[in-house]
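Below you'll find only one chain, the form predicted alone, shown as C-alpha cells.
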C-alpha cells in the first residue's frame, strides 16, 4: 500500500461551488488513497487578500452563475437551490460568524464528522432553504440538525467569538492565500512533497490524474456499481 496523499480542501459555506467540491471530496475520501484535510476558511478574506472581485458584481457572470448552479446541482446530486437574493447572502451578509462557528467545531473536535455535518447543514440553510446563517440562533438550528447537543452548541458559540478561534480562522485563510488562493473551493494535493493547487469544482478529473487515481464521476459509488 502506498502512503496516503494529503489533500487539503479550503472552503466557505457562503460559496455554492464549495458545497459541490466538498460533497465530491467527501465521496472520494474512501475511494481514493487520500487523507482529506478539511480547512474551513473565510472567503471574504481571500477575495480581499488576493484583490479578486466576486462574479456577482459582473451582471453577465451573475446570470450565468445562476444557470450554471442549477445544472451542477443536478449533475453532482446536491440539493442546491439559489436563495431569493444571492447577492445579499453572499456579499452583504457574508459568512464570518458562520465560519468562526465551523472553526470552533473543528478546534474542539480535532478529527471527526461534526465539522462535516455542521458545514453541510450551514450550506443547506443558505443554498437549499434560503435561511439566515449570520445570527447565533440560526447557527444553533444548523448545529442541532447536525446532531450536536444544546450544551455543545452553547460552548461552541462562546468559543466562536474567542481570540483563539478568530486567529485559527485567520491563519487558515492566510494559509490558503500563501498557496495562491483567489477564491473557493481550493483544493491542494500534496504530490511528491510538492503542493498542487486546483480551483473550483470542475477540476476533479485533472486532480485524479495528478495524484494517480481514477475519476469515476460525481457519484463514485454508482459508477463502481456499474463496473
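In this text the structure is predicted, and so the values were computed from the model without any measurement. Numbering follows the first chain given and starts at 1.
There is another form of the same protein, the form predicted in complex with a further copy of the same chain; it is not shown, and what comes next is about it.
Practice prompt. Name the single residue among 190, 61, 29, 37 that comes within 4.5 Å of a further copy of the same chain in the predicted complex, judging by heavy atoms.
Written response: Contact with a further copy of the same chain in the predicted complex is made by 61 alone.
Worksheet item: Given that the partner is absent here, does residue 175 sit within 4.5 Å of a further copy of the same chain in the predicted complex, heavy atoms only?
Response: Residue 175 lies outside the contact set for a further copy of the same chain.
Discussion item. Taking a further copy of the same chain as it sits in the predicted complex, is residue 43 near enough to touch it, meaning that at least one heavy atom pair lies within 4.5 angstroms?
Written reply: Residue 43: no, not in contact with a further copy of the same chain in the predicted complex.
Practice prompt. Tell me, yes or no, whether residue 67 is in contact with a further copy of the same chain in the predicted complex, where a contact means a heavy atom of each within 4.5 Å.
Written response: Yes.
Discussion item. Would you classify residue 52 as touching a further copy of the same chain in the predicted complex, given a 4.5 Å non-hydrogen atom cut-off?
Written reply: Yes, residue 52 is a contact residue.
Worksheet entry | One stretch from 95-103, 115-123, 142-150, 67-75 that, in the predicted complex, holds residues within 4.5 Å of a further copy of the same chain by heavy atom | Heavy atoms within 4.5 Å of a further copy of the same chain in the predicted complex occur in 67-75.
Discussion item. Please determine whether each residue of 182, 197 and 218 possesses a non-hydrogen atom within 4.5 angstroms of a further copy of the same chain in the predicted complex.
Written reply: Verified in the predicted complex; spot residues all in contact, yes.
Worksheet item: Going by heavy atoms, what in 200-221 lies within 4.5 angstroms of a further copy of the same chain in the predicted complex?
Response: Going through 200-221 in order - heavy atoms within 4.5 Å of a further copy of the same chain in the predicted complex - the hits are 202, 203, 205, 206, 209, 210, 215, 217, 218.
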